[in-house]
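Just one chain follows, in the form predicted alone, and it is written as structure tokens.
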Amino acid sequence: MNVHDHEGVQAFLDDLGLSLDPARFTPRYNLAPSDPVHALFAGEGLEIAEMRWGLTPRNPKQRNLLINARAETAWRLPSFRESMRRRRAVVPVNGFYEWRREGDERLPFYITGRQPVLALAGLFDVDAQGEMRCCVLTTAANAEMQCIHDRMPVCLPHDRVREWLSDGDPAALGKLIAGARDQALHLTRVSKFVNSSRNDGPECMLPVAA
């Protein structure tokens, strides 16, 4: 994920009556699992908090953080179903990365939307240490994304964010998820510089010749 533009994020938050202090914002061009990211959730009202990217698995035999959840199965899997009912989140990002396999190569693409911020539907939980953690919901790729991958994040229309975070019924939430595939996306081939999570800077999103 890429969250580098405070002005763009704040404009998105302005429409929701929220504010993110610039002093609390660190531009990140290549977020990796376990990194902190700001996410919206329904608390006393609509709130924003820093969370770690990746839910802690409930199965002790599973070591990897749960950074994504398939929207089609999140309702029934023990790892996600309670969060799906009661702890939904939205992660505002400037864009995200996906990789296309060509033989032994993994070619990175940077994906953005029509607006400076994509509102990614997600889930959150609180781990045993009391730290808030989140993951991103995914759905089947739309026509634009299918040339890269068969999955994509659930990208919510900005005017449906409150609806996602409120206590909606499964049918209503299912329609929101299904509608995410209609979001227009722009794909840019970028350098393999982004392939390493140790690299974090504007170079991650610079276009390269296809």
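It should be emphasised that the depicted structure is a prediction, and the values quoted were computed from it without experimental measurement. All residue numbers are counted from 1 along the displayed sequence.
What comes next is about the form predicted in complex with the DNA, which is not displayed.
Taking 2, 54 and 112 together, does each of them reach the DNA in the predicted complex with some heavy atom inside 4.5 Å?
-> Heavy-atom distance to the DNA in the predicted complex: none of the three under 4.5 Å.
Applying a 4.5 Å heavy atom distance criterion, does residue 36 contact the DNA in the predicted complex?
-> The answer is no: residue 36 has no heavy atom within 4.5 Å of the DNA.
Could you confirm whether residue 79 comes within 4.5 Å of the DNA in the predicted complex, counting heavy atoms only?
-> Within the cut-off, so yes.
Answer yes if any heavy atom of residue 142 is within 4.5 Å of a heavy atom of the DNA in the predicted complex; otherwise answer no.
-> Judged by the heavy-atom cut-off of 4.5 Å, residue 142 is well away from the DNA in the predicted complex.
So, in the predicted complex, is residue 19 in contact with the DNA at a 4.5 angstroms heavy atom limit?
-> No - in the predicted complex, heavy atoms of residue 19 and the DNA never come within 4.5 Å of each other.
Report the stretch among 162 to 170, 178 to 186, 147 to 155, 44 to 52 that approaches the DNA in the predicted complex to within 4.5 Å, counting heavy atoms only.
-> In short, 147 to 155.
Quick one: name the residues from 105 to 123 with any non-hydrogen atom within 4.5 angstroms of the DNA in the predicted complex.
-> Read in sequence order, the lone residue that approaches the DNA (within 4.5 Å, in the predicted complex) is 106.
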